[in-house]
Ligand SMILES: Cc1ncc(COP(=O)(O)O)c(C=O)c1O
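Only one chain is shown below, in structure tokens, and it's the form predicted on its own.
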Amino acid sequence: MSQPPIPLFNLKKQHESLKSELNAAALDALNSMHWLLGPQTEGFEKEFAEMIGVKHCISCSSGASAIQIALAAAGIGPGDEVITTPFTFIATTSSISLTGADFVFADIDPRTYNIDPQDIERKITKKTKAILPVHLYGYPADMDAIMNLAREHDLKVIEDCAQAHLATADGVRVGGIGDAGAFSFYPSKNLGACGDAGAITTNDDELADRCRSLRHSGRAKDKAYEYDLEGSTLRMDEVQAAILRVKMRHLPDWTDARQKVASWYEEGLQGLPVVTPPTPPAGYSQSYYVYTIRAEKRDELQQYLKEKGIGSAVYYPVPLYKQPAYKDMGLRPQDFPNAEKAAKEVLSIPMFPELTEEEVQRVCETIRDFYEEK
């Protein structure tokens, strides 16, 4: 008898466990007639700010718009350069471009896959105005080194926290370390809406006010038809806020469950020709958006897992310097050897809070079978 498949993510299982609560919350928001910037949004922003440990949360339409708004609110625009990683989703760089600024790539740390502070330092010029680290896979970037560079060179730091809800660096939750943090609540994320949604977190009062204005057409504070800035319509709706408030109560437990799943993988993959995620240093914790290994014969292994009914994915097979959208920039793969190598070797295997120990064992045994057969 064939075994049931194990998907990379299982959104249905989580949704089913909360369905009645989510349906009630969404219906209440719908029937309230407060569909934008109403009590659900206010409640979500207050609760998420408290969870991250910051003064302000400004909800918006997506993780991409959160980056764009945060950069623009920090004064980043045409003629400026923002240093970021080439080993991430394109929303990181497209959001920089939408401000009119230019992005500059620094290579990654081969162990954490996050931006390498030493290469950041090499890329700083007179045009550099900000650093945009991505906490990839839920593993925090080296924020100590990044913040030191920012202070030394008077740079803004906008954290891309799209994959790192409740991860910590030096005991501080990401999104509360730099000038601002940008979160995505895309449905597959650790905290996912039922559609697109995002948020900016910050302790800077003025930056927070500018973010609120920019997401709402540039409207002046407490003024109906006066506009201090030229913004856009990038708000999060009340239904998504209501859904997120329900799910947010479960996020700490889900994060604990992900970390438990990771410990099972660490044990089950011992002795195999794969590299498991590094153990975070003291004060750091990983939220495990995905569980990413580095594997010999990666593509063959992925096909084998597929044949056995086990989901997997490569984040990211084509680094941004190779993307057709950026073909005219003259970027060279040899300038980013660590990102280039990682793109050929990384493989994300099933990770979600509801995974059982037996399912993790099956994934590990299937990987072991592959290498024994090879």
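All residue numbers are counted from 1 along the displayed sequence. Here the structure is a predicted model, which is why all the values come from computation and not from measurement.
What comes next is about the form predicted together with this ligand, which does not appear here.
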- Choose one stretch from 181 to 189, 201 to 209, 234 to 242, 118 to 126: the one whose residues place a heavy atom within 4.5 angstroms of this ligand in the predicted complex. 181 to 189
- Query: Is there a heavy atom of I69 lying 4.5 Å or less from a heavy atom of this ligand in the predicted complex?
  - Reply: no
- Would S62 count as a contact of this ligand in the predicted complex, using a 4.5 angstroms cut-off between non-hydrogen atoms? yes
- Task: Spell out, yes or no, whether the shortest heavy atom distance between Y316 and this ligand in the predicted complex is within 4.5 Å.
- Result: yes
- Hey, in the predicted complex, is W254 touching this ligand, heavy atoms inside 4.5 Å? no
- The unique member of V82, A169, A162, I108 whose heavy atoms fall within 4.5 Å of this ligand in the predicted complex: A162
- Message: Please identify the residue among M147, A91, V290, A193 with any heavy atom within 4.5 Å of this ligand in the predicted complex.
- Response: A91
- Using a 4.5 Å cut-off on heavy atoms, what residues in 263 to 294 are near this ligand in the predicted complex? none
